[in-house]
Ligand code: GTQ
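Let's start with one chain on its own, the form predicted alone, as structure tokens.
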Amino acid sequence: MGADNNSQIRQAFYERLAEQGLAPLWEVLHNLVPATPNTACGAAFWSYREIRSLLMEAGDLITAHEAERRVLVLENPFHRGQARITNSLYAGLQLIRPGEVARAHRHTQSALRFIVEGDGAFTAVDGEKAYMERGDLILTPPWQWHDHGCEASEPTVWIDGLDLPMLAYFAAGFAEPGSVEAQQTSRPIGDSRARFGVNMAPVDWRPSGQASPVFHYPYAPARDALERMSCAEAWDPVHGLKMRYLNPCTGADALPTISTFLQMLPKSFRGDVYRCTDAAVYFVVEGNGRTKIGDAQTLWQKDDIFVVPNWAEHAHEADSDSVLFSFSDRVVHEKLGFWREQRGAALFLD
């Protein structure tokens, strides 16, 4: 039997399998069980200086009330039309102008916002307000009411990060609009940090979910912690000094599906090559430098945003003292037992 004839017989067989809702595993096994991670995610970069004018123009075209959330989606070019920045995460830039309110709602997706510019806007979460300043991290845990308002004289912009693609994959998303634009404040400002943010908790408190009971992580103390570490800690050859935002009551990640980090790179830092299974979204809080991703270089400066794909070799270099905020789905990788990292030739399994 000739090779051509055998191929035709197999193809006819496959067509009969398809009619019965069947498929031959041997034809796709190499894609389903790859030797190394196979990702559709690619490196991406946004210059805030270049896109800020478009965000402000969006403010002229649509109100926060009309839009509910006035956001420009940061869409990875390798995921065009899918409203995602990595395989599993969504990101966007949200604008709120003086006097505006982004009405209350809640959803099962976990969300973070990292403040890019502006002081005097607020987020209210489950009855508590937090006024936002540049560099602050604000969390909205799953199914908690939240709304935003701007009491400042200038607009406020932040990065939104959500696990939207993850929940869409599991078809597990729920949402509910609020009955009022702004929820009634029921707790004083700073209440959650007072209760849980000083290594203490109310004696009979029990967690109601996996997210941190603290939802406001101000930049100033986090930046100070990195500065103090720099006086005593050795600089990691890959990360410089890198810290993870945690749930103070459990020591776990602050959100159940998104890991969040803040790291410092000193001037003239030249990081070692590194890769890991989670794709990460970076925001440049301070400084300027570059990140080598594979054979390409991403030049970055203050306020820029970039993506390092899954299992991509990369190395950070800083031309001035720099601080980077980043988020990824690493916490999910770790919970499910498939997170890996590699420094040079050494592969580390968690």
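None of the values given here were measured: they were computed from a predicted structure. Start at 1 with the first residue shown and count on from there.
What comes next is about the form predicted together with the ligand, which is not displayed.
Looking at Arg195, Arg134, His107, Lys129, which is the one with a non-hydrogen atom within 4.5 Å of the ligand in the model of the complex?
Here the answer is residue option His107.
Check each of Val71, Ala182, Met243, Ala152 and return the one that places a heavy atom within 4.5 angstroms of the ligand in the model of the complex.
Result of the distance check: Val71.
Given that the partner is absent here, does Glu117 sit within 4.5 Å of the ligand in the model of the complex, heavy atoms only?
Heavy-atom contact with the ligand at 4.5 Å: absent for Glu117.
Wondering, does His146 line up within 4.5 Å of the ligand in the model of the complex on heavy atoms?
His146 belongs to the contact set for the ligand.
I'd like to know if His216 sits close to the ligand in the model of the complex, meaning any non-hydrogen atom pair within 4.5 angstroms.
Because no heavy atom of His216 falls inside 4.5 Å of the ligand in the model of the complex, the answer is no.
Answer yes if any heavy atom of Gln94 is within 4.5 Å of a heavy atom of the ligand in the model of the complex; otherwise answer no.
It does: once the ligand is placed as it appears in the model of the complex, Gln94 has a heavy atom within 4.5 Å of it.
Candidate stretches 76-84, 245-253, 158-166, 262-270, one within 4.5 Å of the ligand in the model of the complex by heavy atom
Looking at the other structure, the answer is 158-166.
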